[in-house]
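In the form predicted on its own, a lone chain appears below as structure tokens.
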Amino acid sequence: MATKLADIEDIYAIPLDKFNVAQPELWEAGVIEPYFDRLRKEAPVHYCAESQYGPYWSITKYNDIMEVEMNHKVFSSESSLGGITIDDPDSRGEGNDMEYPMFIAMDPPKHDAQRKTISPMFAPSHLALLADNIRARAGEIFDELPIGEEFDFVDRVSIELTTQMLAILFDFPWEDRRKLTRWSDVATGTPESGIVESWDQRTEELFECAEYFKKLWDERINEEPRKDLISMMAHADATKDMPYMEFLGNLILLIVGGNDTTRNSITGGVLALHEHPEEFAKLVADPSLIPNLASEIIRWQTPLAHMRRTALEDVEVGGKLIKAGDKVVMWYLSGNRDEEVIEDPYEFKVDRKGARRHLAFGFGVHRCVGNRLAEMQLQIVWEEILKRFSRVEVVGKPELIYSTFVRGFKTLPVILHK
């Protein structure tokens, strides 16, 4: 039995054996957090026998998530076992069960070798070189925005800034950069979301992405190594001979990782500070809080709501026996609201102590390789906003994404005040 939106007023009346948090409708409506509150209290390791994604375990408390996250020898990320999302290929129906291997959906040692190939892009020394470029582009975007007129912050700022950043990282043709936005949306979209009409259309568009990048790859593999992600992979032993689907899978990973996550954190921060004007006042009074703000925004938004693993053997977590082959979902959003670890988790605090102690980047061998870049982009965004505007006023209800994986925004109407 599916939980319906009408049940929200009495979540505690739903039998626990019928409890299913993996319903995109709940996420799109922005009402999922009370469901996690109940699971943390009554069934922090919970088995859902029936869902549109098949049976799965929910891990909802911070420390239990950490236990799973850190034990990659028992909890596998392998794409051949289902990968890293609850929506594994098997749940898409016959003919749409194509695998897209990517290094985040691999276990060591192959994971480690491929991750190491691109990690220099996100080293502190290279980020320092990128900072001026990001700041200049953010400034250009903000300077072109209308003052006192309503516009969509998601499209004009969040998408545009992160898409420009992706184009820089790939050294992607500038005039085609919005293709990156589209491919990112398609990669995480479903027919139900309205992004694509069918799984077949999704596959076709992802292959268009692969063909476009294959041309760039062929150019760069015959050139001297350059400091862009395509050249790095084309010239590295661990990635230069990737099978075609693995090539596409890693492209999807880098595009989504560099786009969806940061863009939704940028938007989420605007909404959070609008809803907490006293925290915005603190920020205006003390801009040195901006680095801490960036971490608090990422915790608050948790732009990737979950990661999935597959148990390789029988194992006990939180007093429950998880069997070999079971799907295990770590709900990062729930862990970031765990009151036993995070003080006042439902309060947004720009000066939160230990703000970086959140789960949104993951932990262990799969911790987000671009986490420092994401933080830096958020810091620069807020530094540039405070230089120009007295207020970013949200003037309408945000439209949320239909997804249990990407926790984000379709639109956010705002008005800027000089």
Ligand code: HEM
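Everything quoted here is computed from the prediction, not taken from an experiment. All residue numbers refer to positions in the sequence shown, first residue = 1.
The discussion below concerns the form predicted together with protoporphyrin IX containing FE (HEM), not included here.
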property: Contact residue in the predicted complex, chosen from Ile385, Ala355, Val45, Val369 - any heavy atom within 4.5 Å of protoporphyrin IX containing FE (HEM); result: Val369
property: The single option of Leu273, Leu251, Met165, Val329 touching protoporphyrin IX containing FE (HEM) in the predicted complex, heavy atom within 4.5 Å; result: Met165
property: Candidate site Gly258, Thr261 and Arg309: all three near protoporphyrin IX containing FE (HEM) in the predicted complex by heavy atom within 4.5 Å; result: yes
property: Among 357 to 365, 23 to 31, 389 to 397, 48 to 56, the region lying within 4.5 Å of protoporphyrin IX containing FE (HEM) in the predicted complex by heavy atom distance; result: 357 to 365
property: His111 within 4.5 Å of protoporphyrin IX containing FE (HEM) in the predicted complex, heavy atoms; result: yes
property: Interface membership of Arg115, protoporphyrin IX containing FE (HEM) in the predicted complex, 4.5 Å heavy atom rule; result: yes
property: Phe122 within 4.5 Å of protoporphyrin IX containing FE (HEM) in the predicted complex, heavy atoms; result: yes
property: In the predicted complex, Glu69 touching protoporphyrin IX containing FE (HEM) (heavy atom, 4.5 Å); result: yes
